[in-house]
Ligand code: G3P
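Next up: a single chain in structure tokens, the form predicted alone.
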């Protein structure tokens, strides 16, 4: 069986709060081939690693993040030591300190607020400080944001995130100058993967958590897959 790379979706989230330093450290210890995480801006313009635009699902509170400073957000914990909302720099420092050669770093741009113009440039300035630049891939559902990123840091790979079945998505990706498609996994077929590979595009579906789906993604020949369950994925794909 072809073995895709296993990317820990927001870290190891079954045991630790997602997008926190313990979750990323656990992904490294578990032998994941990389991690995926989300970056957005706090109210005081700091780059923070968090998926939702509101508190409440992972951390206590019921307010939007852009009304909070990074310091205020750091005071919240997910019920575990070190499980706070980290800055992008902290995550990259952890990965640089404990990661290994070829370890993939997928940054998802949460560019869903028109007030946060220029977020991509700020992220690029931080990423350039770390040796993982060659292993970074930046993805987003906001494809305008991907275009902005490509201008800010053209040497890094980009992945087009999308949910629905698309007609010839490989042509769309080529039009954007992207390196990969990041489709919702039910939209993936062998034909899609073959067409992408013919054009030099990689395919990284999300979020694949059931054994049967992991096996089918491997059968289709995807290059990597995002999962919440690194340990199970390793067993299935071994």
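Positions refer to the first chain, counted from 1. From a predicted model like this one, the values you see are computed outputs, not experimental measurements.
Here the subject shifts to the form predicted together with the ligand, a form of this protein not shown in this document.
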Residue 59 within 4.5 Å of the ligand in the model of the complex, heavy atoms: no
Any non-hydrogen atom of residue 66 within 4.5 angstroms of the ligand in the model of the complex: no
Exercise: residue 158 in contact with the ligand in the model of the complex, heavy atom 4.5 Å: no
Close approach of residue 51 to the ligand in the model of the complex, 4.5 Å, heavy atom: yes
Interface stretch in the model of the complex with the ligand - options 208 to 216, 195 to 203, 165 to 173, 30 to 38, non-hydrogen atom within 4.5 Å: 30 to 38
The unique member of 130, 141, 103, 84 whose heavy atoms fall within 4.5 Å of the ligand in the model of the complex: 141
